[in-house]
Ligand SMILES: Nc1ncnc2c1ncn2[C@@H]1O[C@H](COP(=O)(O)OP(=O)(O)OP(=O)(O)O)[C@@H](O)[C@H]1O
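In structure tokens, the next block holds one chain alone, the form predicted alone.
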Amino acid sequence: MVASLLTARGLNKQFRSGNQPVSVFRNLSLHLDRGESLALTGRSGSGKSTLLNILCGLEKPGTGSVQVLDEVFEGDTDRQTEARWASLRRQQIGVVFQEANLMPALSLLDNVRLRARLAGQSEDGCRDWLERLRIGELAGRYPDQVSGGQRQRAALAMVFAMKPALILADEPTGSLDRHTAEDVTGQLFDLQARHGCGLILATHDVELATRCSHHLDLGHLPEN
């Protein structure tokens, strides 16, 4: 077993605003072991979503390296590198976006089943995840037949069903009411505890951030 789940070293990211480069973060490094959790906080635009996208290979840093399990990524992205990232996202990295990423032509249950199957997991417990997230009665409905909050819970069920080594969650409860958000958050941390997976959570919720074992405020990073 690989001791380190995730290590990022010297990440730099810039965007351009007109003709001027704007730094999102500079020389950012972090480390996460199995069973640990990290809260990413900071004002809107501080780079939380950008960092999560880099850590799962959906976006390239300007410089720096990312290691996930025994895979190390650095330098330019080619087809082989993209394939390695895609394999990790399919089997080891569960990503929860701010907006639910569901297949519109599949029912909620079939979305969860597909995600489990792609990760090499059993489909037997997929309906149970929907039940635990209180949308079991909607299992046969399609994404456009349910509310945004219900779609987000289905997206979480997809991640839970794949039993990933690492979960990256970008404001996963932002579209949920307070009661449902607390319930879903409990499920998220329970899954992490039972399966020993890592969790990186981007959030504006200070109380939620305190539940994580580590905290990184992207709004207060050193400039060098």
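Start at 1 with the first residue shown and count on from there. As the structure is a computational prediction, the values presented were derived from the model and not from experiment.
Note that the form predicted in complex with the named molecule isn't included here; everything after this is about it.
Heavy atoms of residue 44 reach within 4.5 Å of the named molecule in the model of the complex, making it an interface residue. By the criterion of a heavy atom within 4.5 Å, residue 208 is excluded from the residues contacting the named molecule in the model of the complex. Proximity of residue 9 to the named molecule in the model of the complex: non-hydrogen atoms within 4.5 Å are absent; the residue sits far from the partner. A residue is said to contact a partner when one of its heavy atoms sits within 4.5 Å of a partner heavy atom; residue 204 meets this definition for the named molecule in the model of the complex. Only one segment in the set 60-68, 30-38, 47-55, 182-190 has any non-hydrogen atom within 4.5 angstroms of the named molecule in the model of the complex, and it is 47-55. Scanning 91, 98, 81, 147 against the named molecule in the model of the complex with a 4.5 Å heavy atom cut-off leaves one residue, 98. Residues of 150-173 placing a heavy atom within 4.5 Å of the named molecule in the model of the complex: 171 alone.
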